[in-house]
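Starting off, we have a lone chain in the form predicted on its own, written out as structure tokens.
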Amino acid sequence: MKKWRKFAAVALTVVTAMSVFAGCGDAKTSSGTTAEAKITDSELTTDVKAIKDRGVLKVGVKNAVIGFGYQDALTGEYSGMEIELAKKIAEYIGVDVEFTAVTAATRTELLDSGDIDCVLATFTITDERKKSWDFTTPYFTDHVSVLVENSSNMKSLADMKGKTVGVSSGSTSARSLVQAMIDNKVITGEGFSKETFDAATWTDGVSFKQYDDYPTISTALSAGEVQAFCVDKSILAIYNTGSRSYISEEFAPQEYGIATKKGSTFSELTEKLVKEWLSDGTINGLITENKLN
């Protein structure tokens, strides 16, 4: 009997170890510790209760944007302001947190499908997007800019005329750049419309190549596939090496908010928390801690 118990214990240990290692290749990473809940009974609405019952908050984040959402290639650990905000929401509800790396092209698809509960991924709030998803009060405001190689001698929006610009698929950067070039009378903007603008087909004075992620755009800039890299300046900062510079103009303020499903009762909770953390200095502290100001 003793031998059997010993064998069973060893077998259980092996099975447990195999289960742990089987999850090591998962694209999702959790904190590993369920937090103590701070939520009140009145806040346990239908959608929030579903997260509570599941025991994990699933969050879409960036994994290559230092300061906002970055995943260490060696440890797999995530860091950044948006990572900390996600952890704080999970802690408030009293659940674990699980991160899924998203891009501008995939974040809403994963949100709509229910694979994630919310998006904290430098997601700019626009009137158009608010028709499809809920957004909290902005927790950070950035501006769009353009990064170029110093050897190009490009200094301003005027120098962008006739160039090909790298942008992220699903982002609003291309539209913002065209609008800025129109406002600064660099191009006429004939036929331009915010509602129907398509970076893939726009060729009036500037053209665009779309890529799935920022590192690929940076590589394309180095290789000469594009002459400029356009996105929010806080993101561009990661790729601003000694051989690159920003053009002189910043334009199109970009307000980042937490995105949730349209009409979700979880939206109400995220809005409440963001407002509280803006008011008590928590968010400003995270901005400073992550060197975003």
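Residue indices: 1-based, along the sequence shown. Remember, it's a predicted structure, so these values are computed and weren't measured experimentally.
This next part talks about the form predicted together with a small molecule, which is not shown.
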item: Touches the small molecule in the predicted complex: Phe266 (any heavy atom, 4.5 Å); value: no
item: Touches the small molecule in the predicted complex: Thr124 (any heavy atom, 4.5 Å); value: yes
item: Heavy atom of Val231 within 4.5 Å of the small molecule in the predicted complex; value: yes
item: is_contact(Val48, the small molecule) in the predicted complex, heavy atom dist at most 4.5 Å; value: no
item: Every residue of Arg129, Gly170 and Tyr256 near the small molecule in the predicted complex, heavy atom within 4.5 Å; value: yes
item: Proximity to the small molecule in the predicted complex, single hit among Tyr214, Phe208, Tyr139, Trp133 (heavy atom within 4.5 Å); value: Tyr214
item: Interface residue in the predicted complex among Met160, Ala104, Leu147, Leu85, criterion: non-hydrogen atom within 4.5 angstroms of the small molecule; value: Ala104
item: In the predicted complex, segment of 194-202, 215-223, 85-93, 171-179 with a heavy atom within 4.5 Å of the small molecule; value: 171-179
